[in-house]
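Presented below, as structure tokens, is a lone chain in the form predicted on its own.
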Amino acid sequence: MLKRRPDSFSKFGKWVFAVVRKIPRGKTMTYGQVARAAGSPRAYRAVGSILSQNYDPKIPCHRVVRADGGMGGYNRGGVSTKAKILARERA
């Protein structure tokens, strides 16, 4: 997997990371909500692609989920790890 620093992404990628950084502990946003907040409402797949390359622990990409309630992907341990982190944060 390609590891990139958040500052090496496009302008849209930087906006995505800025939005995701602001998601409070115990809360989630969908990929579509992040795309809209970053200024490109139809770019929800791009949001997923950008977040899949995030390895910065300061960016809580585990707080972004699918609109249908599914977890979506998670590059640091898989979907089960993502679910455990979210459950722990909600407690």
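Quick note: we count residues from 1 along the sequence shown, nothing fancier. Since the model is a prediction, treat every value here as computed from it, not as a measurement.
One more form of this protein should be noted, the form predicted in complex with the DNA, which is absent from this view; the next part is about it.
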### Query
Taking 4.5 angstroms as the cut-off for heavy atoms, does residue 67 touch the DNA in the predicted bound form?
yes
### Query
Using 4.5 Å between non-hydrogen atoms, is residue 30 touching the DNA in the predicted bound form?
yes
### Query
So, in the predicted bound form, is residue 37 in contact with the DNA at a 4.5 angstroms heavy atom limit?
no
### Message
So in the predicted bound form, is the DNA close enough to residue 10 to count as touching (4.5 Å, heavy atoms)?
### Response
yes
### Task
Within 4.5 Å of the DNA in the predicted bound form, which residues of 34 to 59 have a heavy atom? Give them in sequence order, or say none.
40, 42, 43, 44, 45, 46, 48, 49, 50, 51, 52, 53, 54
